[in-house]
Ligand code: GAL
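Coming up is one lone chain in structure tokens, specifically the form predicted on its own.
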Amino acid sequence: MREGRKWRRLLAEGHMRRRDFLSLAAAATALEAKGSGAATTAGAAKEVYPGVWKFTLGTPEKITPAATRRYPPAASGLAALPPVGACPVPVSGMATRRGYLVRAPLEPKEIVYGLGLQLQSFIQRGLKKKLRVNADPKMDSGDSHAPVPFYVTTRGYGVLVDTARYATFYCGNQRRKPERPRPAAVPKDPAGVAPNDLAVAYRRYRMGEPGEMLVEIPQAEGVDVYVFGGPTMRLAVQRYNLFAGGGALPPRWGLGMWYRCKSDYDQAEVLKLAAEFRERRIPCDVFGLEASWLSHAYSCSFTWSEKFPEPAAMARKLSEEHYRLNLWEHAFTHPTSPIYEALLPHSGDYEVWGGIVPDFLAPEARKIFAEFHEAKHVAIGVSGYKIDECDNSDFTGAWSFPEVSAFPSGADGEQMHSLFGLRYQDTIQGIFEKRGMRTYGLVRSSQALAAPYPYVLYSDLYDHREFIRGLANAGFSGLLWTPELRNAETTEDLIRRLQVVVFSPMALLNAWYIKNPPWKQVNRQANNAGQFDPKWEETEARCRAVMELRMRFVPYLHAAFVRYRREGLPPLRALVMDYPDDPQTWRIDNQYLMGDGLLVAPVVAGEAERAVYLPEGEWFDYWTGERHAGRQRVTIPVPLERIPLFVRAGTLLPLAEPTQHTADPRSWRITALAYGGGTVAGTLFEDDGALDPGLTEVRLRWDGAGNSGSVRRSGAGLGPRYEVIAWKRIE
């Protein structure tokens, strides 16, 4: 070591004391050992649940997603999945001068997905991602509202690195130098891959060669790594979600239409618009209030403003009209808040917008925060929250607490940023679970093991193609995402965005900065000036038809969420998750599956036709009934009133009567569409609405030979009952 020779020379010449020499030499020896390849340790896999292995490498930190989780693994669900043999991938680790490094091999043609809500990219193989919480994720660097240190591959396994640090994932884009020279070779493109961009990416990222996943965790001295077996990609994701506790099951009203009012609305304006929606037959289950309900918003007081003099009466009136009430807020607590003084010792050492930051890792802070919200909001009829600003923007937007912050729980600012959204959800979730209620809400930050939380991610960014990609990406990481509709450039843009919204986990119109509904006027300035489009009623009718389409699909979507809860199967997911052996699906980020039987192919404004890839099997055009063979790309015209939808042969599609809200008994009346020949079956669930719901399984079956349908029930649910009013075969 060059430094060692220098220190010995200084010691010999009398320029260094012996004890200083020994101290420096010892430190250098420790660093050298810490940073050398010789320190690499191959992890020993321990199967902690069926198909789930744990590697403990070095000395893991105490504050991690798994260590602070609210929900235990869904052990019965994990046990019910098909068995797996040995751990599918070896994992090793080593301490370095920078922290801790995790290694796992990647095979040729092994494609990597996941890492949370990645809006700018779909395939992660060949990329470098630093998973940092960021409210403005405008670059494909790994910054995200919900960076999740979990990835899944087409080999049929997933890997969770249990850290709250800003970990960097090198997804097979680095290659270690060889021990001997090797010939330069260009890997062949994958067989059967038509798109040129995939072939280029295949060469660029060396997908045809063996690779290595490198995960660098700063500051850490070790980490727990969990491996989730398949043997399919879909099963690996299911195991991850069940390990998280199982998927969220929203209340049925949460699957209806949502509308958020302009941020400065008052109580009278809220009730007036709610009445207008019912009068004009606009479907809506949830009304959301933005910042004006608060007496102080940035930071928050959590008390009602003068604009809402009778909040309990307002909530009661909305309930009578079958609306649920949702409140916007963020956690940074203003000095005028009644809980400020009590929270002060249970908060971080830096302020945000003049308010303190509650330490939601500490039970004392969660208790203070939750008890006030329960008494002042939920007790008078509030059904849920929009949890805003719980991400981080101190490096782009100059707000939020710094990474150097310290919290009473022992977390630093980096760890708190990673976990703040999750632990905030814990705090709010505790209110409703205590009262035996289900809720559904919004959140702007999440992380690992989030599947059980009934909160949907959203973003202040507004690129339509990225929002569609978010729907395909979120399912890899146990996240829910809404491409919410705010405003639009044109009427066409409005309709196209609304069509995507209704085929998402939350059908949300967020009109926080326009006074009137967007179908009256898409231009923000004109809308707020009360200048309506002369043809607004025609646009309203088109929007109503799209929203009624959502109401038709509520029973089908609810059944998909029940599977999410029980089996960990994402209700919306990318095509590659179900068809990983088809190279054509590898890069498709503008189509996705909803449930098992419906393929959704959104359209962006300006497109007159749409190319749709249909995977293996037979598929029926939802609008025309035309049948198409799978494993081909079809190009279809896309009139404005249609979003391309294809139904897989063998699907029994239950469509409800379109209603203004899900409490309408007619929303339980079903037309059952049987696609394809022979016998076709499907399952619905009658939900009693309880926190731990009793679910009656309703088995619908179309007998092709007898040309008749039947309904069979099992289970103990006491909710409303589905009634099949018509059966139709589509073939």
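Computed from a predicted structure; not experimentally measured. Residue numbers here begin at 1 and follow the sequence given.
One more form of this protein should be noted, the form predicted in complex with ligand GAL, which is absent from this view; the next part is about it.
Mapping the unseen interface onto this chain, D460 counts among the residues with a heavy atom inside 4.5 Å of ligand GAL in the predicted bound form. Under a 4.5 angstroms non-hydrogen atom cutoff, ligand GAL in the predicted bound form lacks Q267 among its neighbouring residues.
When ligand GAL is considered in the predicted bound form, Y71 lies well away from it, no heavy atom lying within 4.5 Å. Ligand GAL in the predicted bound form comes within 4.5 Å of no heavy atom belonging to R125.
Scanning F277, Y226, W512, Y579 against ligand GAL in the predicted bound form with a 4.5 Å heavy atom cut-off leaves one residue, W512.
Only one of the listed residues (K386, R165, R642, R573) places a non-hydrogen atom within 4.5 angstroms of ligand GAL in the predicted bound form, and that residue is K386. Picking from 386-394, 240-248, 413-421, 649-657 the stretch near ligand GAL in the predicted bound form, with a 4.5 Å limit on heavy atoms, gives 386-394. In the predicted bound form, the residues of 288-304 lying within 4.5 Å of ligand GAL by at least one heavy atom are, in order, E290, Y298.
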